[in-house]
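Below you'll find only one chain, the form predicted on its own, shown as structure tokens.
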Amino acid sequence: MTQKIFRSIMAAAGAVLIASLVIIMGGLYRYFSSVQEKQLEDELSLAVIAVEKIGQEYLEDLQSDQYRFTWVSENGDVRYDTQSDEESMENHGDREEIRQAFQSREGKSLRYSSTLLEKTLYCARRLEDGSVLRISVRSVTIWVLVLGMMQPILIVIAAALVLSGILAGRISEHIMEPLNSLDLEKPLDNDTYEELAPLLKRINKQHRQIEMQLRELQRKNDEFAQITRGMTEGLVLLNEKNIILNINPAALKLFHTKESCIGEDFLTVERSLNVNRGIQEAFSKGHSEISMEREGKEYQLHINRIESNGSLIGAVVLAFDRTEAAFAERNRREFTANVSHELKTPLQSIMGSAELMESGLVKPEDMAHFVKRIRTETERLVTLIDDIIRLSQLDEGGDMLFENIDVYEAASEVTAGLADMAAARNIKITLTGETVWVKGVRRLLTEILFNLCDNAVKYNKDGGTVEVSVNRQGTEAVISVKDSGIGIPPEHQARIFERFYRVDKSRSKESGGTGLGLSIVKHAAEYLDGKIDLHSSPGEGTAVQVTLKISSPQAI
């Protein structure tokens, strides 16, 4: 802006200077030309009087290098010329100034040289005898005058331009100083040129609009950040160059990175070829889905292209944790297969025994054996169905009656009920501890105790021991069942609470187990807001500990 003002002032100063010089030179030239013409007329008047009185002698005696006199007769022949031989001169009757003098007593004309650097002014007057006396003088044209004055003109122009430059610089700085000191954050508080008031008002209005838009944008950004921060799904926003624009905490954890990755290429964060192919596919086709495993978990990635006005501006990556869904789906398939298998085996045994009895192939003395087998398998079916029904109830989480229960008393009843089965294998069951009250569902607590103690007896060694204890630890009741049995290998310990999972399937079937006991224990403990801990070593036995919250026996 300063340069534009400076150049404008200099251009105006230059134009004014040139115009002034032209006007001055033109005025001076016209003035001196008119003075010269007046002097020429005066000289002619004096010469006319002298020639009329003295004649040619006056012209012959006249010595002048500036003026030239020519005396022309009535027929146009030159009588006398002060600078040329009249005999060699042509007829002057056709000269403009001579013709005018013959006609109207006086005549004037101006003739330029071929180079336009010199001009000749002619004045003529008719004498009383009819002849014409002409006087002429040569002078330079305005161009010669300009050339002659070129040096002082250039000096004047240079001095004027220097002075104009200094003044233009100061003026432009003075003009720009208020503009440069404008406070655009508070446009209406500026004390500057009145002409800028409408502009400052528009700037102030735009500031208010921008501030409103920024506040709204910040509000939406905060909302977006809060929403994405609370998402369990991983979210990554990318631009069209695969640069990370935003990433939420779930995605940071999934891709093992930090917030400092924002602004970097996503390829530097996730180097999986499959994931990056999915992003490129989304860029080209609009959508892609890929699966990936990370730290034992299964994730489903949905990648969608983002467009604005039909142009690609980026992509959004959503990562869903499908571990539980995949686990549930696997359990459902396994449960269906296991239930079908567990139901089919006893039913086939019952059907086979019934067909033999129906066909009369069973001897009378063997009839009792087949009837016992049918009864045993039927009891197994009933037990299996009861266990499945209980698990289904626990899965559905229906309301059950809560009451205050003496855990030690419940454990005593369970151990007493298993005493005969334990005695048959010479297994010693002991119960120690103290009276501890919990608020729970009596049937579920009994099933927890029964299944743990039943397994401790079934999978124990002949002559082994089962130690049951009920104790108080702070605000918790701790139920512990420890046996001296075969133990559980480490690779099976994480899955023994799954439905129908058996470490030794042949031994489980021999002992009459359904494979649902420990699963019922796990779900029942969760329903009662309890915790389960298992410690086992092959050949050294197993210890299972269930922790429940204590309640007052007076509480209802």
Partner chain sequence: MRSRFDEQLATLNQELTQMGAMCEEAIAAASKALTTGDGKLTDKVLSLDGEINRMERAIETLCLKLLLQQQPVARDLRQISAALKMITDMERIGTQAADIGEIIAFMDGRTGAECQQIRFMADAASQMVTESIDAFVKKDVILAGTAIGRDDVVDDLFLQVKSSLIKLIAEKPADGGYALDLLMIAKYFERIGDHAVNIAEWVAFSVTGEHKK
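Residue numbers count along the first chain shown, from 1. Treat the numbers as computed from the prediction; the structure is a model and nothing was measured.
Same protein, other form: the form predicted together with the partner chain, not shown, and the subject of what follows.
Of the stretches 194-202, 414-422, 354-362, 273-281, only 273-281 has residues with a heavy atom within 4.5 Å of the partner chain in the predicted bound form. With the partner omitted from this view, the residue of 106, 476, 265, 403 that lies near the partner chain in the predicted bound form is 265 [heavy atom within 4.5 Å].
When the partner chain is considered in the predicted bound form, only one residue from 242, 190, 288, 484 comes within 4.5 Å through any heavy atom, namely 242.
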